[in-house]
Structures are given as C-alpha cells and as structure tokens.
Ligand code: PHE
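To begin, one chain is listed below as structure tokens, in the form predicted alone.
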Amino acid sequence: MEQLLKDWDGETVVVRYDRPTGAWIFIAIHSTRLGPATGGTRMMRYPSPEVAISDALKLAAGMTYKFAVPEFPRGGGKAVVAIPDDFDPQTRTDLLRRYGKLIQQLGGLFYTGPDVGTSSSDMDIIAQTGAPYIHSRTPSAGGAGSSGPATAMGVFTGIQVVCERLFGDPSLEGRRVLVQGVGGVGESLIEHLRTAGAEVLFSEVDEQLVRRFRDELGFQFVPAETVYSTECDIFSPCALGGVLSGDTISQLKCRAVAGGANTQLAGPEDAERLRTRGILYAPDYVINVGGAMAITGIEALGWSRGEAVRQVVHSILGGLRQVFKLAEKEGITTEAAARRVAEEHLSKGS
C-alpha cells in the first residue's frame, strides 16, 4: 500500500477503518485544480485492502480526466468502501451513516454519488450525515435520482460519433452493437440503440437479467466466454473496468470499442494494442461523463433536465471529435490524445 501511494500522482487519500463492520474506506482526491473533487462511492468486496485502494486511485484519476476534457468545473475523486467477506447486511445502514459523517468532516473537499454497489437510496442514507456533499439522492429526498440514464445518453452519443468516424454517417441503423453488462447504464443504452435501429446483442452474468433481456425482451444473448470473440461493429463495455487487455484485445472482432465502464484499459499499453489492430477506441472517460455532469449540473449548478441533456450531448460530441482528430493528426492513440486534451485544460486551472 505504501508503494501505491508513493507512485500515485494525486493530492490526498483519506483512509478509515470501520471497526464495527471490518470495512475499509478509501477516499482518493486526485485533483482539485478545476473544482472540488467529485466521484462515486463504490461498495464491494475486494481480495485485499491493497486492491481496493488501487481501484480507488485509478478511478479518481479517471474522474479528473473525465471532467477535464469538457472543462467541467469539478475535480477528480473516488471513494471505495471495501466490505469484508463476512459482512452483515444488517450493519449496512449504520456503516453508510458513519461514511457520510466522514465526508461531512472533509468540509467540501469531496462530493459523491452512486457507483458500483451503491444506489440513490444509499445516497439518501449517506446524506443524513454527509449533506450537503451528496449527489444523486432519490427525487423524493430532493435529489436528481440515478445517473445511469444520463451516462447512457452520453455513451450513445459517443457511439454515434464513432459511427460517423468509421462509416461517414452517425446513424446506428443496422449496426451490430454488443453491450457487455445491462445494469443501470447498459439497460438505458440498449433502449437508445434499439430505438436507433441497431442490432443489439448483450452479455451479462446475472441470471435474472439474462432471462429478462433474452427471454422477455428478445435480445440475443452472448455468453461471457465468447463475448470478446463475437463479431460486431461496436463492442460496448458497460460493466466493470479492466476488460481490455492483451488477451481480450487479441480476440476482438469489432471495428470499435465505446462503452460506459470506467478504466476499461487493463494497462496503458492496451491503447496501442487497439490501435495496432485497427480498432477505434473511444476513451471511456470522454464518453461516460454524462451521468456525473448531468447530476452535478442539476443539483449544484441549477440546470434543468433539458439543459443537462443538451450539455452532455454537446460536450461529448465536441470532445470525442477533438480527440479523434488529434489522434489522427499526431499519429497517437486516442487515449493519448484524450489525455493531452485533458492536461491542457487542467493546466489552465493550476
């Protein structure tokens, strides 16, 4: 853990051990150059505290770049609540309240919302002790609700830009799109794709979701073991990150990767692997900013929902086109181009 922190280029890490439950809480503040650090709270089991803090550090950096590309006035942060294997669900509410108190004690250094393993209902509980630094509470509690639909709208917009780049036309009519993960983001994305006339395939490990999307809604199911080798125009990872590695990239039979999952690249070298194979990559933090931008805009900047949608679509259209243009001009990966754009914007806030 010590070496992870020494190698990290962020600002601050808050570490708290929750003795009543045995959970570890890590709040990683990567950058406050453009505004207060903002990012979701991930709550799940990890093999070790070291793996959990490593996840928090990577995700926080991703949030910095996510906000920097569209020059949104927020910095990058992320929280991970690593629960033990023997975690008692009945202790969850009190753990969330203690976590909220910790956020409140930070006095605005970190704002948070839902992520993997947490929901808007959880934000209602966290806000009991953590207000006013909690976003995406349920509408009944005065919040803007789930960020999933806005994230999906942004990813859909990114896929349109990908089609524009590959085929000269943003239309999804007849395009074969494979969505990996049909949770909050994937489900909404599938609806956009179907409405646009795409041929949609999906992969999912939750049997209940598989039955719903395959048997009730009629979408073609792709088993996890063949998801990377399935032919499609666009592969859209919308589950957990780290799915693009040397092993999986070698199997891909797609023209492009454009999805909502965070930190999709297993390592920095994987962007070059995609480029070498001629697979166009839409950097995840460029196209999955929609939820974070929309919810923060509505709750902190006074946007209407209509304005939030317009801002998300406009930002992703402009940002991704800029990244693709720069990558082609400089002969670099789209990941490197996105980082260059983000760093230029961050330098203005230094």
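Being a predicted model, the structure only gives us computed values, none of them experimental. When you see a residue number, it is the position in the sequence shown, counting from 1.
One more form of this protein, predicted together with the ligand, exists but is not displayed; see below.
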**Q.** is_contact(Gly319, the ligand) in the predicted complex, heavy atom dist at most 4.5 Å
**A.** no
Q) Would Ser136 count as touching the ligand in the predicted complex under a 4.5 Å heavy atom rule? A) yes
Q: Report whether the minimum heavy atom distance between Ser147 and the ligand in the predicted complex is within 4.5 Å.
A: yes
Q. Is there a heavy atom of Pro283 lying 4.5 Å or less from a heavy atom of the ligand in the predicted complex?
A. no
(Q) Can you tell me which of 90-98, 111-119, 266-274, 217-225 lies within 4.5 Å of the ligand in the predicted complex, counting heavy atoms only? (A) 111-119
Q) Using a 4.5 Å cut-off on heavy atoms, which residues of 239-264 contact the ligand in the predicted complex? A) Asn262
